[in-house]
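Take a look at this single chain in structure tokens; it is the form predicted on its own.
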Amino acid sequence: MPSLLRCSVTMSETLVSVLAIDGPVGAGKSTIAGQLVDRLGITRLDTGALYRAVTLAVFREGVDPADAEICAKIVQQSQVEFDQDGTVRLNGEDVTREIRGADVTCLVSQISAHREVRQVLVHLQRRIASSGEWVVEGRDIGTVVFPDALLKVYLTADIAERARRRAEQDSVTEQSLVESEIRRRDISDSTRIVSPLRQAEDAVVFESTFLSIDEVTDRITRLWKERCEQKDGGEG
């Protein structure tokens, strides 16, 4: 594989060079992560695309998505790669568009809720980000995957705005249907037993309903540079 509110943090050698972005669906995590890659020159790990890709692998096998053991076995056998241009490959095949389809969208919450599946992918994410600087977005990045991330951001917005953004992104005309699906995903993600969506205690929170993508990106960029300077100073 591959390729505002402030809070205090105590710098230590245990902090990993990860900018963790968590938040509900449609909050703008992927768009902002992409801009941060350009601004900061760090590498992006798109965990949403990762989970969607392995969900597609499960769907294609035609197995019972409720069977955690079988799903985890398929995930272990799947190879997911990200090209620099954002292309997502599953076992060598370009699935960038297919993983955004309705079949995957309907299943991804169920597949990602399996403890066995998440254990496989959490281990993989940690191994990938063990060196270098990374921006990683998802729903449990700062709480479970990288609890020692150098900077944790929790990004949210009201549900109407999130539905508008997602409908625009996916070229969907029925925003009411998108809003209904987002409500379902919010409940599923925040109430699942394994790694539920929640804000890390030491996360910096951005309520982006009335902030532009550029404004949020600017503020996160400044915070990341400050944290890097503090960490470098502490190590020196």
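Just so we're clear, the structure is a prediction, and the values are computed from it rather than from any experiment. Numbers for residues come from their place in the sequence shown, where the first is 1.
As for the form predicted together with a small molecule, it is not shown, yet the points below apply to it.
S.K.: Which residue among 159, 128, 108, 150 has a heavy atom within 4.5 angstroms of the small molecule in the model of the complex?
M.R.: Selected option: 108.
S.K.: To verify the annotation, which of these, 73, 89, 164, 100, has a non-hydrogen atom within 4.5 Å of the small molecule in the model of the complex?
M.R.: It is 100.
S.K.: Any of the heavy atoms of residue 59 lying within 4.5 Å of the small molecule in the model of the complex?
M.R.: Taking the distances in the model of the complex, the answer for residue 59 is no, it never comes within 4.5 Å of the small molecule.
S.K.: Are any of the heavy atoms in residue 48 no more than 4.5 Å from a heavy atom of the small molecule in the model of the complex?
M.R.: Because a heavy atom of residue 48 falls inside 4.5 Å of the small molecule in the model of the complex, the answer is yes.
S.K.: Are any of the heavy atoms in residue 189 no more than 4.5 Å from a heavy atom of the small molecule in the model of the complex?
M.R.: Yes, contact at 4.5 Å.
S.K.: Would residue 44 count as touching the small molecule in the model of the complex under a 4.5 Å heavy atom rule?
M.R.: No, residue 44 is distant from the partner.
S.K.: Could you tell me which stretch in 131-139, 73-81, 151-159, 89-97 has residues with non-hydrogen atoms within 4.5 Å of the small molecule in the model of the complex?
M.R.: In the other structure, the partner sits against 131-139.
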